[in-house]
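There is one chain below, alone, in structure tokens, taken in the form predicted on its own.
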């Protein structure tokens, strides 16, 4: 089976190793026995995005976001909306996440109009929210931790037509107040987690691949090759990163987070977290 991955604006939106997400998608797809192809699409290219199987867009600064916002309006907006409504798995990180929302207010005088695919809006803040992040996500068959790195001043707020990707245990998340991180609509995921995200969280990578296979072929990863030893190494790497981050950050965790994380870690133990 073939898997076509579309990397949107790789020349403009590639902060903090975001390209590594595409590398992880391709490599894990190949480990599962799939024929994976990556196609890069940037400004002015007219494409039928629903023909692909997975979409990815990384983060960028305000200058790049202005260019992409204009390209959305003139070239790719309708195609992207159709692909999302058709159920294509789409991962958008940081600036890409913001542009999928209703708007991003950069200042009193400037507002970037987003595509409105995600029921969220973003306002520029005065302080940067930066550091390692740990969330608990219920996107998967059982609650799992996701680890990443965030660096943003924009504060994003969710509307009723999306649900959060997860609950913040460590870090700031969408806005530093409500303990939500990311947004989910159909198979589209917006998140502030850089790092890159997918190599550190292999089950998230597999979720995207499985949803792509279900959409294209009517079945997920159940009929594909098992990764075996490589999969074990990636999961051990995740647990090692999680243990290291949490050990260093216990003093910064809010008291409201501790009971929830202790309950989770008892159900899903990780080395070094007792």
Ligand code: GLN
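Numbering follows the first chain given and starts at 1. Bear in mind the structure is a predicted one, so any value in this text is a computation, not a measurement.
Another form, the form predicted in complex with ligand GLN, is not on view; read the next lines as being about it.
When you look in the predicted bound form, the only residue of 72, 204, 172, 104 with a non-hydrogen atom within 4.5 Å of ligand GLN is 104. You can rule out all but one of 207 to 215, 235 to 243, 40 to 48, 55 to 63: in the predicted bound form, only 55 to 63 has residues with a heavy atom within 4.5 Å of ligand GLN.
Within 4.5 Å of ligand GLN in the predicted bound form, a heavy atom is found for none of 134, 166 and 179. Residue contact with ligand GLN in the predicted bound form: residue 200 places no heavy atom within 4.5 Å of it. In the predicted bound form, ligand GLN sits beyond 4.5 Å of every heavy atom of residue 161. Ligand GLN is not drawn, but in the predicted bound form it has no heavy atom within 4.5 Å of residue 78. With a 4.5 Å cutoff on heavy atoms, residue 91 does not count as touching ligand GLN in the predicted bound form; it lies far away. In the predicted bound form, the residues of 141 to 161 lying within 4.5 Å of ligand GLN by at least one heavy atom are, in order, 151, 152, 153, 154.
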